[in-house]
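Take a look at this single chain, the form predicted on its own, given in structure tokens.
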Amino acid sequence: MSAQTPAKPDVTKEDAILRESVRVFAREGFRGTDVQEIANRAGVGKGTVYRYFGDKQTLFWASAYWVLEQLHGRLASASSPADGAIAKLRASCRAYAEFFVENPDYLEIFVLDRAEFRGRAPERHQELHERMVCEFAEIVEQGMASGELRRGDPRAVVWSLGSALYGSVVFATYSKQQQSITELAECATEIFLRGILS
């Protein structure tokens, strides 16, 4: 194995490193994070972290991708059993909010991605994101075909609904109102689906 070829990670160690890196990056920010602290919390040597991930930025992106994969799995699990496009969208939107309620550090990783790197994610992140958009666009297309949803651009619908959800979740973390993140996300979903015109 050449010095430039990363070691094939031990799944248990890799998972431990990623879990702890999410926690530390979320708490300390990208610039304030010390890889040694991640290594200590994961129960591995600092050299092990670098052997698996190369450098701090690569570790951050691996952590962000890990979070994105968790979100993708959660949304797929929520939408699969629901019957009909609207039910699938509602279930997914609720699961999206609950995902961040249960894992507040995950939201911080997404915010850091934008704040630190201006959304310049690696290609595999963009590919997974595109896959998620396509999966939900297919749900929207099915809803349009069945008459549940009015005709339009399915991708534009997905982008708009995703923006409303992300905005609701971020806004809820700063809001002093009594509504929970889940309640705000559900409200945004209902307004999106039903509209507010009389």
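Keep in mind it's a predicted model, so treat the numbers as computed, not measured. The first residue of the shown sequence is 1; numbering continues from there.
The protein also exists as the form predicted in complex with a further copy of the same chain; that form is not presented, and the subsequent description refers to it.
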property: Heavy atom of each of A115, L184 and L193 within 4.5 Å of a further copy of the same chain in the predicted bound form; result: yes
property: 4.5 Å heavy atom contact, T12 and a further copy of the same chain in the predicted bound form; result: no
property: Non-hydrogen atom contact A137 with a further copy of the same chain in the predicted bound form at 4.5 angstroms; result: no
property: Any non-hydrogen atom of Y65 within 4.5 angstroms of a further copy of the same chain in the predicted bound form; result: no
property: Partner proximity in the predicted bound form: F171 to a further copy of the same chain, non-hydrogen atom cutoff 4.5 Å; result: yes
property: I86, L128, A95, V101 - the one with a heavy atom within 4.5 Å of a further copy of the same chain in the predicted bound form; result: I86
property: In the predicted bound form: members of 118-152 within 4.5 Å of a further copy of the same chain, any heavy atom; result: R118, G119, Q126, H129, G147, E148, L149, R150
